[in-house]
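Presented below, as structure tokens, is a lone chain in the form predicted alone.
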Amino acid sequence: MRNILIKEIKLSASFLSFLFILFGFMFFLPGYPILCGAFFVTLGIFQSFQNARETNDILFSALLPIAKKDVVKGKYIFVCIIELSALLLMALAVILRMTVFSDAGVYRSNALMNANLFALGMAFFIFGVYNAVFVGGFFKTAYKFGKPFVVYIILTFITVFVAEALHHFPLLEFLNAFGTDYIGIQTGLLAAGISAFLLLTLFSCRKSCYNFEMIDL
């Protein structure tokens, strides 16, 4: 598995996949739907899948003396490394905005979602949706990725819209908490996002391994 992962990083990956990790810093932006940062990170990962398809990387990997399921697992691990790297940047932004910048006027007057633990949990959820819908969809054929990516885009922007709108409804103001306000609920929401990410990713990976075994390359 170590060797297939090295192959993913050094040969298959697009430079944009690593560059777009920096979109995690969008969690610092006021007056902007910060969850779009998660989408841009996945757009960078998409470039690696496009590069892999054009270079017949999947066929090359399948011809290596490894199990076919390890090809799938290598892709998923690579994707998760990129996502978790971006999440670290998002977490840094959340920590700073919940502490050092908790009373900054530019954030307090922001009508859009605040960078808090709920927002971080939603970023985990979006990455989980990407892994289930796009990566899982790709491994149904190991070649076609247009339809899965379009479906993912639609689901993601519905998620962003709903997440941005929720705190404007009565009794849901806690979703846009500043500093350590509602820290217990916020922590629970983050845990729910992480759980969704893990379940969607693990289930998708398992199903993709099965689908890939059935494909005659």
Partner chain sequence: MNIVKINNLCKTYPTFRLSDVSFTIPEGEITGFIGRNGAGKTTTIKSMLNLVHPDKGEIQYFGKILTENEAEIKKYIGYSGGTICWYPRKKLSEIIKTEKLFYDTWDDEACQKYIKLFSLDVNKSAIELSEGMKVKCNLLVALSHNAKVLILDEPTSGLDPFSRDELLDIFTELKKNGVAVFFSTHIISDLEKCADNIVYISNGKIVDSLSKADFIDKYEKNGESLEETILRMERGDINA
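Numbering follows the first chain given and starts at 1. Note that the coordinates shown come from a computational prediction; the quantities given were computed from them, not determined experimentally.
Heads up, the form predicted together with the partner chain isn't pictured, but that's what we're talking about next.
Comparing 25-33, 188-196, 163-171, 62-70 against the partner chain in the predicted complex, the single stretch with non-hydrogen atoms within 4.5 angstroms of it is 62-70. Remark: L16 does not count among the residues lining the partner chain in the predicted complex, judged by a heavy atom distance of 4.5 Å or less. Among residues of the shown chain, L202 is not one whose heavy atoms approach the partner chain to within 4.5 Å in the predicted complex.
The closest heavy atom approach of N56 to the partner chain in the predicted complex falls within 4.5 Å. Contacts of stretch 1-32 with the partner chain in the predicted complex, defined by any heavy atom lying within 4.5 Å, are made by N3, I4, I6, K7, K10, L11, S12, listed in sequence order.
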